[in-house]
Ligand SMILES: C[S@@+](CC[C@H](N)C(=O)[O-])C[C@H]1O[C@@H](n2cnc3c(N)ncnc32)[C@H](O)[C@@H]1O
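Shown next as structure tokens: one chain only, the form predicted alone.
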């Protein structure tokens, strides 16, 4: 039985049936109407999943430059640092100070499978390094550079490079607008995993590319507005007197009612 079914047997209706698990920490969204039952919900998760030691409740939306939210302990050990394993890689992080989405593991592999031998890869908004490290581990890329603004993420990213014994990955702390200029015309592929505001940085991604380079551009949209984003991609490229060819449009994850996180993979020439 899933969490929702077990809680219903306890007389608690309307609880979520799933949650995010990062390492041995569970992070769950609990409806306001079930606020008085949050400790029972947390303990039930611990009882169902022996590999989870801590249950945190989402206590605010994501805000600020670093996309962080408040988290409240509702069961288990009071901790926020954990080691998450994905695709044969290890990621150390603090869930309170670093953004990390365990739900995007499939998407990270999808992109890694497109990387060719000897490619020079750039990852904007790299976080604790999941895209760069998985690409390095799973492909024969020449080198992978991650740009990240959050100093806490940068510290863990550097530790994760060592933890995974990699030599072709490096992280640069700073703002994409400033750092990207150092890489204009040098990249085979640029990843933009910041769906809420990544569109503001499209021009920098395009400028980083070599001819026939590829951008993986993430955004949030209802399905009936995809054409708007395709036009945006073409418009940003045309400002630089370049043309685009869309290779794939991928629905990555649900984001809200009839709203999804998407990725447009496109070539620039």
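Numbering follows the first chain given and starts at 1. If you're wondering where the values come from, they're calculated on a predicted model, not measured in any experiment.
The discussion below concerns the form predicted together with the named molecule, not included here.
Highlighted residues 37, 61 and 96: none comes within 4.5 Å of the named molecule in the predicted complex, counting any heavy atom. Using a 4.5 angstroms limit between non-hydrogen atoms, residue 150 touches the named molecule in the predicted complex. Within 4.5 Å of any heavy atom of the named molecule in the predicted complex lies no heavy atom of residue 156. The shortest heavy atom separation between residue 194 and the named molecule in the predicted complex is within 4.5 Å. Interface membership of residue 65, defined by any non-hydrogen atom within 4.5 Å of the named molecule in the predicted complex, is confirmed. None of 89, 141, 176, 187 but one reaches within 4.5 angstroms of the named molecule in the predicted complex through a heavy atom, and that residue is 176. Remark: of stretches 99 to 107, 160 to 168, 114 to 122, 71 to 79, the one touching the named molecule in the predicted complex is 99 to 107 (heavy atom within 4.5 Å). Taking the named molecule as it sits in the predicted complex, the stretch 114 to 133 comes within 4.5 angstroms of it through a non-hydrogen atom at 125, 126, 127, 130, 131.
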